[in-house]
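Take a look at this one chain, the form predicted on its own, written out in structure tokens.
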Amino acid sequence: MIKLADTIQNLPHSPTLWANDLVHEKRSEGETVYHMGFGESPFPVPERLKKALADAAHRKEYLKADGLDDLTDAVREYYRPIYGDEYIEASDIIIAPGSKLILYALQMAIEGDLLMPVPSWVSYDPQAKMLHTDVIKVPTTLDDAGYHINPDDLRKAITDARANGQNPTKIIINAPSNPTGLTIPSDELPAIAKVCEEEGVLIISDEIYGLVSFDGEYRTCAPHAPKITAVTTGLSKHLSLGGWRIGVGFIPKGVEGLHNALRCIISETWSCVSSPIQDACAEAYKGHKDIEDHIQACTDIHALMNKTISKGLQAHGIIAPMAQGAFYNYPDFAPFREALAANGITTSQDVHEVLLKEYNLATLPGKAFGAEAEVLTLRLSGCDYDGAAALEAYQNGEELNEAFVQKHAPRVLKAIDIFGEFIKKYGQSAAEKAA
């Protein structure tokens, strides 16, 4: 009998991709669905990049495992002002079909177990499990000041795990954060880096949303621990190029053998990224004013949409720290726990299911991002609008205000209203309803 491996047999479909598939299915059947379940930036491909891809269509050759020289050289110089010379010169660069595979390859290459701050992106945990390694959760605090990893809590998680016979050797941090839309404050990064240096833990810094920071500040651990920090990034978020599948990894030379190990993994798996894609994407890293203006305009619109969601949720009494970056909000329904429980709603999955079944509002439960089931959080994406129309309007002088959201993102506003309806129906006590 041919049998699937237990690890894979018990692995669920990615919740984000499941949500997107479900919404597409419902919409294809004519249903009106409010889509906050998938974080795909809605803006069009810049004209320069479309032309570059067309011009590169003739390329058909295999490229070396690290990536096209023109692309890696452009990446290196683009990030030099951000990371500084020390980190840039102390790192090698690899190109992959999306940053997700670099995260997986790094987990594969480094022996030991994964430290995972909670909440974290949905794929970190399953990737670790696919590699038969343990996931060690690290608590965080979320508030209007950002996403906080207390260095003492981090050290305790490492110490406790070792006492339990585990082997924590790597941590994935992410800022701006998916799922929270919050950033790790810059002044808190050195202490996190110091703990990892002292404890011999590789930092994997997932910076795929690094350029979607609403205040324009790029936050990274790389300069604080250049010898032990790997960075993963790409173009899918700030340039809305998720389907182009282009990921970039900075690999620290300070970890002996890591770059060569990753090149071996590449050679035995994806071989190389599509030649035309690599050629075209080099243009995205050459500092062209039209590309940089496009990135800033899209970030401005993301800021408006997601801060509007934060404010709208807060107006309904929901805990919702003000969004700082990426496309997300991570509301907490804890203030309504008692009333929700009286209506049979006791987990984030319950909240998610009621919103989907009764209101056709697609969200994701906090449990998918590592939270305990009874923690009443959801991950919301603020991308359910026509990005091309919104971007054109902004570039033509329309102001980014409430009227802009009403005109260009009515489904986003309707979703906020649905949360109010949900709270009114399920989150109020009998006395509150009577009043």
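A residue's number is simply how far along the shown sequence it sits, counting from 1. Given the structure is predicted, the values throughout are model-derived calculations rather than measurements.
Below, we turn to the form predicted in complex with a small molecule, even though it does not appear here.
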Which of 194-202, 174-182, 221-229, 267-275 has heavy atoms within 4.5 Å of the small molecule in the predicted complex? 174-182
So in the predicted complex, are 238, 283 and 296 all sitting within 4.5 Å of the small molecule, heavy atoms only? no
Check each of 312, 365, 98, 146 and return the one that places a heavy atom within 4.5 angstroms of the small molecule in the predicted complex. 98
One residue of 121, 83, 336, 214 in contact with the small molecule, assessed in the predicted complex (non-hydrogen atom, 4.5 angstroms): 121
Please tell me whether any heavy atom belonging to residue 103 falls inside 4.5 Å of a heavy atom of the small molecule, as the geometry stands in the predicted complex. yes
Do residue 352 and the small molecule come within 4.5 Å of each other in the predicted complex, heavy atoms counted? no
Distance check, residue 208 to the small molecule in the predicted complex, heavy atom within 4.5 Å: yes
Is residue 245 a contact residue for the small molecule in the predicted complex, using a 4.5 Å heavy atom cut-off? yes
